[in-house]
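Heads up, the chain below is alone and in the form predicted on its own; it's given as structure tokens.
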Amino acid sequence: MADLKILAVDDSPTMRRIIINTLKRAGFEDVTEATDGKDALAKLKVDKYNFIITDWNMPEMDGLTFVSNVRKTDDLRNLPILMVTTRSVKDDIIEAMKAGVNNYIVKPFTPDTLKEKIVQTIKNAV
């Protein structure tokens, strides 16, 4: 599990740093950053990833649009995606799941919650 190659997508440099540090403490060393959905799609064309963690609210391309684009791409269709966002309304969670998100965490979160959700998402995606 620790050999996962993770793409962390968030427009906030501070949030990306928190996610990356949390992932490293949880044993996930191979993490690449993307600043928004467009940046993430460009990175997905160049490199292979095993897991995506994405924010919802971002400029250029928001998380839902990004997830929809990933799901429309044949070789990325089954890539596990975890959405990490401040949006906690039930309708938002349902909308994210319909777009193709495998799991969902509301900010703020603990390192244990992040690791637990990653493990759960991978287990359910197989």
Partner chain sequence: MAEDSKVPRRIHEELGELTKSIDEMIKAFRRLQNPIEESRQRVPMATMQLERINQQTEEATHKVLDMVEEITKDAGNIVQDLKTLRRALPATYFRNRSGIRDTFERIEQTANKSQDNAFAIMDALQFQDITAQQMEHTAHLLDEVETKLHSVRGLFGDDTSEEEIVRKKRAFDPNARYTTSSDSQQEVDELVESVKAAKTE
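Numbering follows the first chain given and starts at 1. Quantities reported herein were computed from a predicted structural model and do not represent experimental measurements.
Here the subject shifts to the form predicted together with its partner chain, a form of this protein not shown in this document.
Put simply, residue 41 is far from its partner chain in the predicted bound form: not one heavy atom of it is within 4.5 Å. Mapping the unseen interface onto this chain, residue 59 counts among the residues with a heavy atom inside 4.5 Å of its partner chain in the predicted bound form.
Contact between residue 76 and its partner chain in the predicted bound form is not found at the 4.5 Å heavy atom cutoff.
Although the partner is absent here, residue 107 sits close enough that one of its heavy atoms falls within 4.5 Å of its partner chain in the predicted bound form.
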